Structure formats: structure tokens, C-alpha cells
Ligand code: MSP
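Below you'll find only one chain, the form predicted on its own, shown as C-alpha cells.
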């Protein structure tokens, strides 16, 4: 694999980041980190969506400018992703000058091609969704089902994109490319939405919405979210309508994955695809729609007061690194379904998998190596025990990632650690040593530590700080590619001293971690 590219949705900056936002970024970062061990070049794009009526109204209520509000809240997202060790290659803001210029050029190109026309419109507008809704889109009370509010009746003259012109092409592409929309159970949902698709508004009158990118040829209009926000995926890579695209666009478009929430699948799999078709730009390879994160099995909502930020969880549990939260969030949902966060589930999951399983296995094995062999690895210890199982797991983990089964990948890694724990208990190196079977004892310890190198490399995407600590104790390069993994990864000679042995992950709510922290 030469290149791999992935994007997240860009977050609307009318509020601050919560764990729903964090879930998507963690998931995407884990996928990007995994492919860094397989591809020559990886590109991960994220960012913030900063225009629209909600920003305008909120800024006015706070007596600040829209740009000041965007600067403040965009920084909150950037700070949160830094806290969670999210390693994007580029963070785009839709208020960036280069983005605004290219969006204007895109609008003009679509206008020149006859894909955009001006039309007087009267319809129901949901400011939460930033879109017009038909009666069929509303619930039995006439409310937007996502925001539980009645949309407002809006009448104005806007520019419209001829989405209906591309309806058949979009349907054909979806049917011919089974992995274009993932998970598979979302495909029919999109096809159903395409049945009654209409042309979409791609501008707003400036008299109603001032905070947006002006239409270059008609300054009375501002460009609407579908061309503004969605175009970030190509403007962030250096797309240009004149064909003079930057190297990143040439190298990384079409992206392997757009990672988005299920609530915006329609806009990405229909609106965005129609716009790309009109521009003559190649389509993304796949769009993956994840589910929502519930809080104690209830939907997050400001009105119920159960919105939780990633920062508050880390502070509540006194976490010095985000690995525990990254691991839990990545494993909290199965294949695009909704997941759930609770304090109890969080503690139980990370304690079981990271502390009791992987962390404890490494710690006790290193202590036995020091106790029985003064921390030395001897050449005669090397053997092939568990090698086949390990090689099989590496392939299975890669296959899970190829199918966007991130929870499944984590499960495979923990299962390999389970196998190693069973191997230790079955072979009892402490007994072998007491019986004078020194070589056999050394072989057992080598087998486990050699396997722990592979586990560290596999779990690096999920827990980069834990894997780095494991690499320091086991003296190997955590950044090697999967193709460079060998049967035997440990060097002979002094591996570790007593002072170098320390737990790579402490139990949550142990005497050291979280004992004085309040619940989050």
C-alpha cells in the first residue's frame, strides 16, 4: 500500500466538544495510526465548520463577532484533540482564506456549467440541521426528529444545485460499489432517500444570513453549508478548479474513507457525491457512518444535562494519558451501531483488558526474567511457541481494519494476550525454575516477551502511550511496519534492569490512580 487517506466530519463550532465528537476523532485517528504501519504515506484531515445562522445568532447573543466565537470554539476542539493524542496531518477551518477562495471558485464553476440556478423558494427550514425539510421528514408533532424543534417557514430567492440531474448516476454508483457506503446496513437507507430527492438550496440571501462566504458573482447571497462545509474534503488537500491542484490532492484524493456520524450520511452520500460528479472530481472510495455515543444508555442532550466532555472524563479519573479513554471509546460500539459510555463500563473494560490482561502479563513476565535471569535474554531461549497464533492474529487485525471493524481488531489483540496468559499458567515458569529446568523456564519467558512485542505493535494505534512504554521496556522500535515484523523480535543480552520495570498501565481506581478523583 503506497498511500492511505482519511477524513473526519468537520465539527460545527456553535458549542464545545463532547465525547460524541471525540468518538469520531479517536476512531479516525486509530485507523490512520494503524495504516501508518502498512502504507508509505498517510494523510488524516480534520477541522471545524464555522459559518451559518447559528454562529451568527450565538455571537450576537454574546456580544462578540462571529469570527471571535469561531476562534474561541475552534481552539477548544484543537485543544481537545491534542489532549486525546489525535494526530491529524491538517486541521482545516472553513474561515481559512484558501478555503473561502476555492469554495467561491467551485460555486462559480457549477454556475457556469449550468448545475446551479436561481429560484424562489418557500419551505420549512431547520437551523439545527442547516437544511430545508419536507413534511415527510418531520415527526408526528411536526418537529425535526433530530433536534425536536419545529422548523421555521422561510421564503426567499436562493441558488439551487441540480441534484436530481445526478440521481440515477448516484444510485448506479452505490449499487456497483458495495463498499462505497459502510456499514452495509446503511445502503438501503440511502437508496430509499434517493427515491424522492429534490434539488437543494446552496445559498442563502444575505438579508437572512450574513455570516458566510459571499457568492462571487452575486454578493447578495452567501454560499450555503453543502458547498461550503462539504468542500473542505478537497480544499483541505489543495484542490483547484483550474486543474493546478497541490501535491496532497494528487497523492491522497480520492480518500479511502470519510468517517462521519449516521445523522449526516444523507448529505455525504447524496449531496456531496452529486457535487463531485458535477465538478468532474473522482468520488471518495468509501463513506463510513458510525453510530452515536449514549450516556448511561440515554441520548446526549443539553436539556437533560448529560453532555460529557473528554477533558472532564480524564480529569475525573486523573488520567495522565488518554489511552484508557481512546481504547474504551474505540471498543464501545459494534460496526456502526450506537455505543454507550458509563463510568462503570469504562473502569471495568480498561481494567480488564489493559491493566489485568496486557499490563499485568508484561509486568509479571519481566519481573520473572529479572528474578531468574538477572534481566538477560539468552540465545538458547529462542523458540517458536505461539508464533503461528501471533502471525495469524496480525493478519486478522489487519483484515478487521480493512473492514472498519475496529472493535473486532481490539478483541483479536486481547484474545492473543489471553492466549499468552494461558500459556504462562499452563507452563508455570516459576515451577520450572524451582525444578531446575532453567532452559525450559527461559523459553517460556522468551515466548511471552516476544509475543508482547507483537501486541505492542498491534495496540499502538489504540494506545500510543502504553505501546511506547512497552517498546522502552522490551527495547524495540515501535514505529516499524508490519511487513518488517520478524519471528523473533528480542535481542539477546541484557533486556532490562530492576529499575526499568514498571507497570505500563495502572488499574483505574487503584491506590495510585483515581483514588481521590471524583466521578465524571
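No experiment lies behind these values; they were computed from the predicted model shown. Numbering follows the first chain given and starts at 1.
Below, we refer to the form predicted together with this ligand, which is not included among the displayed structures.
Q: Report the stretch among 154-162, 305-313, 254-262, 407-415 that approaches this ligand in the model of the complex to within 4.5 Å, counting heavy atoms only.
A: Selected stretch: 254-262.
Q: Does residue 235 make contact with this ligand in the model of the complex, using a 4.5 Å heavy atom cut-off?
A: Residue-level check for residue 235: no, no contact with this ligand.
Q: Answer with yes or no whether residue 336 is in contact with this ligand in the model of the complex, where contact means some heavy atom within 4.5 Å.
A: It does not: once this ligand is placed as it appears in the model of the complex, residue 336 has no heavy atom within 4.5 Å of it.
Q: Decide whether residue 381 counts as a contact residue for this ligand in the model of the complex under a heavy atom distance cut-off of 4.5 Å.
A: Because no heavy atom of residue 381 falls inside 4.5 Å of this ligand in the model of the complex, the answer is no.
Q: Is the gap between residue 171 and this ligand in the model of the complex 4.5 Å or less for some heavy atom pair?
A: Close contact is absent here: in the model of the complex, residue 171 is far from this ligand, nothing within 4.5 Å, heavy atoms only.
Q: Can we say 21, 24 and 49 each have a non-hydrogen atom within 4.5 Å of this ligand in the model of the complex?
A: Contact check passed for all of 21, 24 and 49.
Q: With this ligand left out of view, choose which of 166, 328, 226, 88 has a non-hydrogen atom within 4.5 angstroms of it in the model of the complex.
A: Among 166, 328, 226, 88, a heavy atom within 4.5 Å of this ligand in the model of the complex occurs only for 226.
Q: Would you kindly say which of 76, 432, 424, 300 lies with a heavy atom within 4.5 Å of this ligand in the model of the complex?
A: Here the answer is residue option 300.
Q: Within 268-291, which residues have a heavy atom closer than or equal to 4.5 Å from this ligand in the model of the complex?
A: Going through 268-291 in order - heavy atoms within 4.5 Å of this ligand in the model of the complex - the hits are 268, 290, 291.
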